[in-house]
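As a starting point, one isolated chain is supplied in structure tokens, in the form predicted on its own.
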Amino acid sequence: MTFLADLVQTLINGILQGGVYAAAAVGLSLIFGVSGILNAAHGELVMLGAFATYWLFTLYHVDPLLTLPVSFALLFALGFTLQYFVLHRTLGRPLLLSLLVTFGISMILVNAALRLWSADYRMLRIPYFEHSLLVGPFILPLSRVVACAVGIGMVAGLSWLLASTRLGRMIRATAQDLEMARLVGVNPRSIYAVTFGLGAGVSGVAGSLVALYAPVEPNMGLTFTLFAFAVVVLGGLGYTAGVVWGGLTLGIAQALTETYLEAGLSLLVAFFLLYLILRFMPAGIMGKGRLE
């Protein structure tokens, strides 16, 4: 394979990974954009979604793609409950308080997962996802293509919900002017809980997508929390649609690093990009993020 073909294959790999990063980060962006809560337990929600798909497939032979609505429903319920009964007390408080509370929640979820399922790595074996698409000299693993397509579609669907539905207008009104939203009959506590539920639900679906091609284990959440935070900052804090550009940027940067430098440097690349954006473009690549 020539250098040019090798470069194109690397870019394809980065785009496919970036789509999944966008799906994994959109929930974090939505929650922060509406309620101002920076969820340190975000990666654990992704982890639980991955385990939901793994166990449904392993124990009940449910097709992994059919588990996506189940993952969404389970994580929506968990997220709604956490926000309504626990995290609502952090609203309007210093950001550090929500970080500490959600960090405690992440520790509970990780240790519960370790107690229930041990620290073993588990991998789904899905026959029809073991094939790849060949486009000329380029290889596109089917599992990653599906994960990327579903992830980008999920971000687009969430953006449509926020822009074009009554619920979306209520969420945006609550985020933009809390007092005015109250005056027109919006119940902020319920909207915050629904928003957190939506963020948790799409994070669970992202975990299910990751389970299609990557190992599943209880400690995987930390990596996704870090990557999701990097993607959200790259795309712009609170700007939901920006996670697509942030995810693609991070995915391509990591793919180039793994191909031409060393795979172990991928996390360093994420933090280097995070530093550059915070230093020179604090509102994100698109310039539409919140400055906190």
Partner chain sequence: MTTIRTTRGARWLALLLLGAFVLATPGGAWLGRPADAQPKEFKVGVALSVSGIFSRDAALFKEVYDLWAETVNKAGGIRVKGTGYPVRITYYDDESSPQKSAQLVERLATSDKVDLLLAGFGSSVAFAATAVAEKYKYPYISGAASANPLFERGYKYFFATLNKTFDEVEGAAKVWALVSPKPTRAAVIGSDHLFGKLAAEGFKKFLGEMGIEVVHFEIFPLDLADYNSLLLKVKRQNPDLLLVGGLFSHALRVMKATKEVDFSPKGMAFSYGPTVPEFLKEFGKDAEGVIAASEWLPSFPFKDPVFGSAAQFNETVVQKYGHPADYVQAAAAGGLVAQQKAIETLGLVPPLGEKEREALMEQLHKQEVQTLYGQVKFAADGGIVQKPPIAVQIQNGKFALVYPKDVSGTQAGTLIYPLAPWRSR
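If you're wondering where the values come from, they're calculated on a predicted model, not measured in any experiment. Residue numbers count along the first chain shown, from 1.
Omitted from view is the form predicted in complex with its partner chain, to which the following refers.
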> When its partner chain is placed as it is in the predicted complex, which of 22-30, 262-270, 44-52, 61-69 ends up with heavy atoms within 4.5 Å of it?
Replying inline: 262-270
> Are any of the heavy atoms in His88 no more than 4.5 Å from a heavy atom of its partner chain in the predicted complex?
Replying inline: no
> Ser143 near its partner chain in the predicted complex, any heavy atom under 4.5 Å?
Replying inline: yes
> Going by a heavy atom distance of 4.5 Å, is Ala255 a contact of its partner chain in the predicted complex?
Replying inline: yes
> Taking 4.5 angstroms as the cut-off for heavy atoms, does Ala73 touch its partner chain in the predicted complex?
Replying inline: no
>> Between Leu96, Leu134, Ala156, Ile108, only one gets a heavy atom within 4.5 angstroms of its partner chain in the predicted complex; which residue is that?
In response: Leu134
>> Using a 4.5 Å heavy atom cut-off, which residue among Ala149, Leu116, Met123, Leu100 comes into contact with its partner chain in the predicted complex?
In response: Met123
> Honest question, do Ser35, Leu38 and Thr195 all end up within 4.5 Å of its partner chain in the predicted complex by heavy atom distance?
Replying inline: no
> From first to last in sequence, which residues of 182-218 have any non-hydrogen atom within 4.5 angstroms of its partner chain in the predicted complex?
Replying inline: Leu212, Tyr213, Ala214, Pro215
